[in-house]
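Given as structure tokens, the chain that follows is alone and in the form predicted on its own.
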């Protein structure tokens, strides 16, 4: 089985880009990844492209070949859709393709353009990742769904809005120096607690923003990297995927995310590591409570213990295991179809030492990324390791 290396990465600035098209944004990220990798375009054998809302936001279906064209590629292209986990799934399938020996070079990533829609239309579009019959028709939105999950967690394990506020503060701190982040503004616990309530107990500062952006990375086999003398010290050594019932009411427990637990178990076994080996994590914090559920699902914390991790300083930049040094979805932004790819890009930069927050983890050897779809009915986890 071939090893898989990250030869090059690319991102756009995350934020509002009302004047740009989706193809323009993805081209920027893909061309940056191609340039950094040094891989000729003719050597790229496949494009795996993640996108969720293109048909709604840009009235554009059949996006994969369009994005291949925009990226200057002449190769087969496939779109992956798994709600907010779309790009994570695109990366996972690229890893599996390279490992199998079917391809030596695959470009993977994703795109979402959302800010051209008004709030009501964005909310309606995102809601389609829930159960149309039993959730959407009843008026369920994702702030409401994650509020239910937060309430279930508080009831079972305890915790408070202040615990969640510390997560928001931490992630804004981390985004401050990240040139690709949507927000470059630090906040206080008091500001987070005083923000307007969205869905009790979640306030405005507990939620990620609406975002435009794209991510891309060039994945190559060990053999290709060696033959072409590529500088690619970071490898994807583990990948895992898990699933769960789509609707919350069909879950056994709303205070945990079994899909992510399954994905993490598979990824850690694949990489032959344990949660104790992880030096840094990028997790899917679409809401602050989601970060708590994520770090517990990854096994970084026992159930019920993750809620106070940020408040205790354990997941901050100077903590034992920093979480979301990019700023996370909360402050870096969440262009839905691009997020999973962006997490792998950010972890690659952290492990290589060229991320603005790499100083927080100068000796990090192992990083993990956690990407979730909907209320974590879908999840994908990747393990990345760097040569020292």
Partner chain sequence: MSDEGFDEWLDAIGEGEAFYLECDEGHGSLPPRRICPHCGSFELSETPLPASGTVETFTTVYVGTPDFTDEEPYVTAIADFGPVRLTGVLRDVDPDDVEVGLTVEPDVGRNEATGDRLLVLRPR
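Positions refer to the first chain, counted from 1. Here the structure is a predicted model, which is why all the values come from computation and not from measurement.
Quick note: we don't show the form predicted together with the partner chain, though the next part is all about it.
S.K.: Only one of 271, 199, 73, 234 gets a heavy atom within 4.5 Å of the partner chain in the predicted bound form. Which one?
M.R.: Here the answer is residue option 199.
S.K.: Counting non-hydrogen atoms within 4.5 angstroms of the partner chain in the predicted bound form, say which of 192, 254, 83, 225 makes the cut.
M.R.: Of the candidates 192, 254, 83, 225, 254 is the one lying within 4.5 Å of the partner chain in the predicted bound form.
S.K.: Quick one: 139, 151 and 250 and the partner chain in the predicted bound form, is every residue within 4.5 Å by at least one heavy atom?
M.R.: Each of the three qualifies.
S.K.: Contact between residue 179 and the partner chain in the predicted bound form at 4.5 Å, heavy atoms?
M.R.: Residue 179: no contact with the partner chain in the predicted bound form.
S.K.: Look up in the predicted bound form whether residue 127 has a non-hydrogen atom within 4.5 angstroms of the partner chain, and give yes or no.
M.R.: Residue 127: contacts the partner chain in the predicted bound form.
S.K.: Closest heavy atom of residue 210 to the partner chain in the predicted bound form, within 4.5 Å or not?
M.R.: No, residue 210 sits far enough from the partner chain in the predicted bound form that none of its heavy atoms falls within 4.5 Å.
S.K.: Mark residue 144 yes when one of its heavy atoms lies within 4.5 Å of a heavy atom of the partner chain in the predicted bound form, and no otherwise.
M.R.: Yes - in the predicted bound form, heavy atoms of residue 144 and the partner chain come within 4.5 Å of each other.
S.K.: Where does the partner chain sit in the predicted bound form: which of 131 to 139, 272 to 280, 258 to 266, 91 to 99, heavy atoms within 4.5 Å?
M.R.: Selected range: 131 to 139.
S.K.: Which residues in 75 to 94 have a heavy atom within 4.5 Å of the partner chain in the predicted bound form?
M.R.: Heavy-atom contacts to the partner chain in the predicted bound form: nothing from 75 to 94.
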